[in-house]
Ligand code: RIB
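One chain comes next, on its own, written out as structure tokens in the form predicted alone.
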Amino acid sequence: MRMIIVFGSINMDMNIKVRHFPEEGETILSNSYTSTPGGKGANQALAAARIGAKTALVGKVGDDGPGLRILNYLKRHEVMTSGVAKTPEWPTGMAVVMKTKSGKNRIVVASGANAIVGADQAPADIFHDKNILLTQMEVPLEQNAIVMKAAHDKGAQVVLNLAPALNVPKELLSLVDFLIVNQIEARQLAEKLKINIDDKIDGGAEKLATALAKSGKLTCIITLGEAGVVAVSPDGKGYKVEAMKLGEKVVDTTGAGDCFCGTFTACLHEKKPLADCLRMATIASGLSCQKEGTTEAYPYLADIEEILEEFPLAKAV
């Protein structure tokens, strides 16, 4: 069976609308809040499933109400959850997301059960050369490393979303085929790898992606927010894709990066060319910013295809 295996975090997101972010020592009031399933692993798995890719999530939740609610939600959206374990010892992970009217957000994550996710939840026989592993950095690094090596050794492609940007050894990057980072994460990684690139100068993002791609022998994808996305393969060939022109249509940017990662991996799973994967993921990410919430705002394949024909082509860099 061909599928995407997402090894990652599962949280319940507490979303609070605020007029402004509180200063140190300041208490502010909000009229309402919502709680919705989230976590980078769950978000990216659902985004991939929305595109039609057979997707399995491997992670851990508490044996509690939030955990049960998340699992039921994922199942309803056709994400396979047999690899998600329950633990009575830790609560389900929780994220507090503060959002302003302009769509900006600040997030605090309490790992909960994500802190004890085990690589043994993803048996080695689940990996083969027709599958793709997608993972992030909200679960223990050592468990990520074990799963990534198992996938790599079995011939599965490995996609790593280096978020948040932890101290990742270069040996771990040797297991990665596609690295997805934002500008901040790319700079932090370059510093840790002692790569001296000024990505603030003209063409800096392309140079940074090129340096990271060559250093890790992988395809490096850097998301640039309103400036779009740039990707460079190990041989130095690359593309840049413009972002959607959203203007005042931006409602909520929370989860847009996860939407990009899940959609990109789903397109890669369908063996689409890199340029097409980047375009479709960019459209999906942009569409997700036009609705309130995270996964509930993620588009389906038909939504992306409706825009794709008129969307600017990828440019070689």
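The first residue of the shown sequence is 1; numbering continues from there. A quick note: this is a predicted structure, and the numbers were derived from the prediction, not measured.
From this point on, the text means the form predicted in complex with the named molecule, which you will not see here.
The partner is absent here; in the predicted bound form, the one residue of 141, 227, 115, 107 having a heavy atom within 4.5 Å of the named molecule is 107. Proximity of residue 288 to the named molecule in the predicted bound form: non-hydrogen atoms within 4.5 Å are absent; the residue sits far from the partner. Among heavy atoms of residue 95, some come within 4.5 Å of the named molecule in the predicted bound form.
Proximity of residue 263 to the named molecule in the predicted bound form falls outside the 4.5 Å heavy atom cutoff.
The named molecule is not drawn, but in the predicted bound form it has no heavy atom within 4.5 Å of residue 55.
Residues placing heavy atoms within 4.5 Å of the named molecule in the predicted bound form fall in a single listed stretch, namely 251 to 259, out of 65 to 73, 45 to 53, 251 to 259, 278 to 286. Taking a 4.5 Å heavy atom cutoff to the named molecule in the predicted bound form, the contacting residues in 1 to 24 are 11, 13.
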